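To begin, one chain is listed below as structure tokens, in the form predicted on its own.
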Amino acid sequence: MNNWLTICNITDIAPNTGVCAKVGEKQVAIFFHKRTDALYAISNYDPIGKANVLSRGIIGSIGDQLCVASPLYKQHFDLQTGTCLEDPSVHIDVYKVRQNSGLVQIHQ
């Protein structure tokens, strides 16, 4: 069964930045990490700031954890697990994402 939704071309995402896409009723933040040539997809909703803003966050790493800093209160969310590094009791959704023939796709 093909449950992959094409979002955009990989060239539409500037390296080391994020974009937002509506997938069903949810907003998903998609990031392209150039150094590892990897895509990450998380909820765009910041549960601490209570706004859809994570796609505008800055990606980086803390130790070995690749994360995005919320543009509101600067909490860091792990791009692989969705866990807030400052408060591990807070989690956001993580989505399967892939690059397929130059297209960025989210698993539904």
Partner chain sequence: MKKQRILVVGNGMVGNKLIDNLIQADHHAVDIMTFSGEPRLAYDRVHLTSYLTGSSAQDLALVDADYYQQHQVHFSLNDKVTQIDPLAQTVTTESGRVESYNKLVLATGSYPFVPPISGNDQEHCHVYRTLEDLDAIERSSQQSGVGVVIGGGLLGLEAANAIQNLGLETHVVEFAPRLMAVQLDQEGGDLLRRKIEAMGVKVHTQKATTEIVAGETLRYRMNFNDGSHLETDMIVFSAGIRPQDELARAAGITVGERGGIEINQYCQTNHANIYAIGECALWQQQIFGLVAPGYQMAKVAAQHILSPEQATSFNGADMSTKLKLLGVDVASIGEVHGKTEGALSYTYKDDITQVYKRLIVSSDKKKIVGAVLVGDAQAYSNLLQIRQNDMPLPDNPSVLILPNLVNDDSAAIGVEALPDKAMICSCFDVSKAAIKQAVISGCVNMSDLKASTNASTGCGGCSALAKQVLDSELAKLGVEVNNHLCEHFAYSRQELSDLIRVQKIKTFEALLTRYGKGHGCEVCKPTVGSILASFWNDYILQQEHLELQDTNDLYLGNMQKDGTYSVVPRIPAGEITPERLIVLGEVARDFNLYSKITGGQRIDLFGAQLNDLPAIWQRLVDAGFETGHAYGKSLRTVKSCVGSAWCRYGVQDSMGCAIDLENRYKGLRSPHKLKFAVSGCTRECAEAQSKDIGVIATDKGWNLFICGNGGMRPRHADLFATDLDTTTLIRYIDRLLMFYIRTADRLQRTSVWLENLDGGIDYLKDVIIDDKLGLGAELEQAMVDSISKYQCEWKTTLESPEKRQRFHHFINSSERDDGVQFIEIRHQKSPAPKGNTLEIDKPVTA
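Residue numbers count along the first chain shown, from 1. All figures in this text were calculated on a predicted structure; none of them were measured in a lab.
Missing here is the form predicted in complex with its partner chain; even so, the following discussion is about that form.
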Inset, instruction - Give a yes/no on whether residue 93 approaches its partner chain to within 4.5 Å in the predicted complex, heavy atoms considered. - result: no
Inset, instruction - Report yes if any heavy atom of residue 75 sits within 4.5 Å of a heavy atom of its partner chain in the predicted complex; otherwise report no. - result: yes
Inset, instruction - State yes or no: in the predicted complex, is some non-hydrogen atom of residue 20 no more than 4.5 angstroms from a non-hydrogen atom of its partner chain? - result: yes
Inset, instruction - Spell out, yes or no, whether the shortest heavy atom distance between residue 83 and its partner chain in the predicted complex is within 4.5 Å. - result: no
Inset, instruction - Output the sequence-ordered list of residues from 23 to 47 with at least one heavy atom within 4.5 Å of its partner chain in the predicted complex. - result: 27, 33, 35, 36, 44, 47
